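The chain below stands alone and is given as structure tokens, in the form predicted alone.
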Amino acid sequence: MTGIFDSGVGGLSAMKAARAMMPRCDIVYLGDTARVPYGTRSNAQIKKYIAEDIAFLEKSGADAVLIACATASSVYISEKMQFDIPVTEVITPSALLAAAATKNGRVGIIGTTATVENRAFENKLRQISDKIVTTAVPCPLFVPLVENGLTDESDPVPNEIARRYLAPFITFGCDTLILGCTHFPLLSGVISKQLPGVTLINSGEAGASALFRALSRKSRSGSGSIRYCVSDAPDKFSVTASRILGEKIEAEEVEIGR
């Protein structure tokens, strides 16, 4: 069984990709909805959340975990955290895809405030190539937009917020943009309207691909079951998740950190 966690529904983009690649893999998904968003918290607090989330998933039977949250992934990397089971993050695979995609060597990055401040994507891109130039912009309102289902590209609310956040990238002239939060791919249509022609790197899909490569064939096999767990408001999560996944799901409320 594989565990996947995020602070809310954003990690479902990674879960959906992982299920497409490994349809027989049993998955337990954890949305830490009681503490969403992680991006406004301190590194020390996020580190505590990571440890508690992974402990819960391990107790639930997971023998490998994908951190489907760029904020948590950046802290996991910067704090050099170690666990008893294999852990995959979304920073490294996203940076590798962006480096391969860019033609003009200019890569933009959007993420939560914590992710941008940790400079995890920039540092990883610098390790890959010193010729890549980056600029990063925090987009803290994108997460609550997604959590509340405001993702339609025809809706003026997310479009106006995106216009303000993404204006610096037009001047910067990037041809590639890392969606440095797994919530953000759910706003791809809105983002592309502001930055037409720019290649968007989906950090959730990148993380799912890395997870696929990390798991053995045996670990990918199972009954294909998916268990959805949240730390608060299961009914609200179920409605939003059902819309995102295109199928009806029911989440159960669980306790984390006990």
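This one's a predicted model, so the numbers in the text were calculated from it and none came from an experiment. For every residue, the number given is its place in the sequence shown, counted from 1.
There is another form of the same protein, the form predicted in complex with a further copy of the same chain; it is not shown, and what comes next is about it.
Comparing 188-196, 213-221, 44-52, 22-30 against a further copy of the same chain in the predicted complex, the single stretch with non-hydrogen atoms within 4.5 angstroms of it is 44-52. Not displayed here, a further copy of the same chain is kept clear of residue 63 by more than 4.5 Å at the level of heavy atoms in the predicted complex. A residue is said to contact a partner when one of its heavy atoms sits within 4.5 Å of a partner heavy atom; residue 170 fails this definition for a further copy of the same chain in the predicted complex, lying far away.
Using a 4.5 Å cutoff between non-hydrogen atoms, residue 232 counts as a contact of a further copy of the same chain in the predicted complex. Not displayed here, a further copy of the same chain is kept clear of residue 227 by more than 4.5 Å at the level of heavy atoms in the predicted complex. Checked against a further copy of the same chain in the predicted complex, the candidates 96, 77, 166, 145 yield a single residue with a heavy atom inside 4.5 Å, and that residue is 145.
Checked against a further copy of the same chain in the predicted complex, the residues 141, 85, 128, 100 give one hit for a heavy atom within 4.5 Å, which is 141. Along 24-49, a non-hydrogen atom within 4.5 Å of a further copy of the same chain in the predicted complex is carried by 33, 34, 35, 36, 37, 39, 40, 41, 42, 45, 49, in order along the sequence.
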